[in-house]
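In the structure tokens that follow, a single protein chain appears in two forms: structure 1, then structure 2.
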Structure 1
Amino acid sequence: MQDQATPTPTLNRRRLLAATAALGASALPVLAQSKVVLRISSPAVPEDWHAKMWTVFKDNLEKSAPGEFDVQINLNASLFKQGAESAAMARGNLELSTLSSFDIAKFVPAFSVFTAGYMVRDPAQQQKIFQGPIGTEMFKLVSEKMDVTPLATAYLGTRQLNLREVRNVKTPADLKGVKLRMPGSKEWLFLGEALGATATPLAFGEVYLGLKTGTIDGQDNPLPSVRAAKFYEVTKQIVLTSHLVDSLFIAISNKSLAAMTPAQRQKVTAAAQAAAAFNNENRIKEEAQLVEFFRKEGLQITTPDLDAFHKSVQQSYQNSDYAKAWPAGLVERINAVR
């Protein structure tokens, strides 16, 4: 009977190396899975500050928690279409996105106070409101009812009126009969009527032609949107009504948040706040520069009686069904924030 060959030391070493390599390869997915995956869905285009802020978020996390997170940024609504993000986060199918006050108000009626005209005076007050007790209370409602938690407030812009023909606009009465394009929801149309105009729903993509042909007499948007869509080519005046200081809230799925350690939650929150601060600083700077840009393009820039607009618009809301959903005393508390 022939003896079984004894493996040589060299062969043993080869087998050991092969086994170690195989073990290492099988361990790679485990190592990859140990990172916390944060998928971000945003409708913003890459040039927008609201898109660029996500890179700030990612870079901030890489510095504060190297190797702990896998941040995946998806712009242009390529992962989830605009409006579907909150449901996806509630189901745990998405970790992070931005939500508007209008998005949140659908689920948290009390939040509709922030869709009302002249409720927030300026970006500075906006930040004080949401970083203070009011923000804490409202964000708690959002977390309880939507299964998402707002982490930071990003400034979306201050909406102004942009008119096809020059008018002497001092009070809401001066907008009587003006066909003012507004987004199609009832909340937006109510705001247009409260401003004194005849609110006219029209898709954003049709606004330029509508202004050019006279189908509409004006539109409202933050100044960066006016430039980006080139509405200044078919209008002659911007009225600085500043009727809505709009917000975007960087929000995270409660399911994702619960799976993190306390230290990780703190780092993610800090990254979100750094991203919002980056956006806010650049958005405010851009808006200030755009007034001069539009002047050079030949548009008349006028400022109405803002007190008259403020009182008239807030009275319209206070007498509406929207106000019935607002907690008692909330409007007074917001107005008192300085």
Structure 2
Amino acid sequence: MQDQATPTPTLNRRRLLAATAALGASALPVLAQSKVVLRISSPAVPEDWHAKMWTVFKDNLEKSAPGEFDVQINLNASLFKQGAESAAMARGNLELSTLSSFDIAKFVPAFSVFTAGYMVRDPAQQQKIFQGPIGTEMFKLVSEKMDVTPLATAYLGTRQLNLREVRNVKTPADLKGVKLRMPGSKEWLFLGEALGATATPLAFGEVYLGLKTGTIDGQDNPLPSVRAAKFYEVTKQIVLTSHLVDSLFIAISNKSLAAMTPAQRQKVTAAAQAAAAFNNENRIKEEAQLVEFFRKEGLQITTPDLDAFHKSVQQSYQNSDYAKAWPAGLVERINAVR
């Protein structure tokens, strides 16, 4: 039964202090429970920058709001499987994750413009797009349709082809029949097919074994992830197609945001932006050095006919149903961001 009297705030505080003193150390778990719990799920391997950025997020929040948040980082898809994060967030089972353009395009068809090969030029343009009016419009749609809010844009890197056996790849036609692993959604598979390969879905965590045993002929990922997940140990070639300047959006469930004070919301946003900045800086730096690293590891690094890839991939998207969902003028607006 609750105390029916309406105590003054002073009385309340005095009672609380007395109770805390009487309980001694055993009061601590009760206080800990009042922290805002932020569960994070990511398929990233611990060595990758978008995994390490979550520690930056946690540390940043611990500094700006000591003791207010309980940040729980779950990597390697140990909490939710890759691609299941947005549904978990909508159900209230998860507070934070990184969403790809492909995850978002399922719910916000206009967003598929960012799944298209050779659409975004480089990481600098990517940041400008998402920090400018296009980002504001798109993120509003994401919040309305998915009940999650993107807080910051992390650069995952520029996706390259990585093959198990050496192959002479100049144009998309040279990838005919290559079983190319892609993440498991039709938007991703479309990209693999647009590259000229036979796209086959597989979760990130199963790619290493797939390459090792030969159930797949190749995979595509940015170079830092090829290094972090050790795919270079089980492949012989990297074809520098640079087909997608890939983004990951640090996103939080609206339910979780709504339960916070405005000051907490601001601190969580600042921590997410610091995490993305850490990832972006390190990834860009590492990406520039990795070709040399892979060469030393014995991989062949080749550059295809990029014009042929551009033309063919762009044509596939322009003729697709995805392009029908792109608001008129959006591609021109993206191109105009410099």
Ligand code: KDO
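Predicted model only: the values in this text are computed from it and were never measured. What we label the rigid core is the largest C-alpha set whose atoms superpose within 1.5 Å from one form to the other. Counting starts at 1 and follows the sequence of structure 1.
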**Q.** Identity of the form predicted together with the named molecule, given as 1 or 2
**A.** 2
Q.
When the rigid core is used for the superposition, does N162 move between structure 1 and structure 2 (threshold: C-alpha shift of 2 Å or more)?
A. yes
Q | T235 C-alpha moves between structure 1 and structure 2 by 2 Å or more, core aligned | A | yes
(Q) After superposing the rigid core, is the C-alpha displacement of I73 2 Å or more between structure 1 and structure 2? (A) no
**Q.** Core-aligned Cα shift of P304 between structure 1 and structure 2, given in Å
**A.** 6.2
Q. Rigid core superposed, E187 Cα shift between structure 1 and structure 2 in Å?
A. 3.4
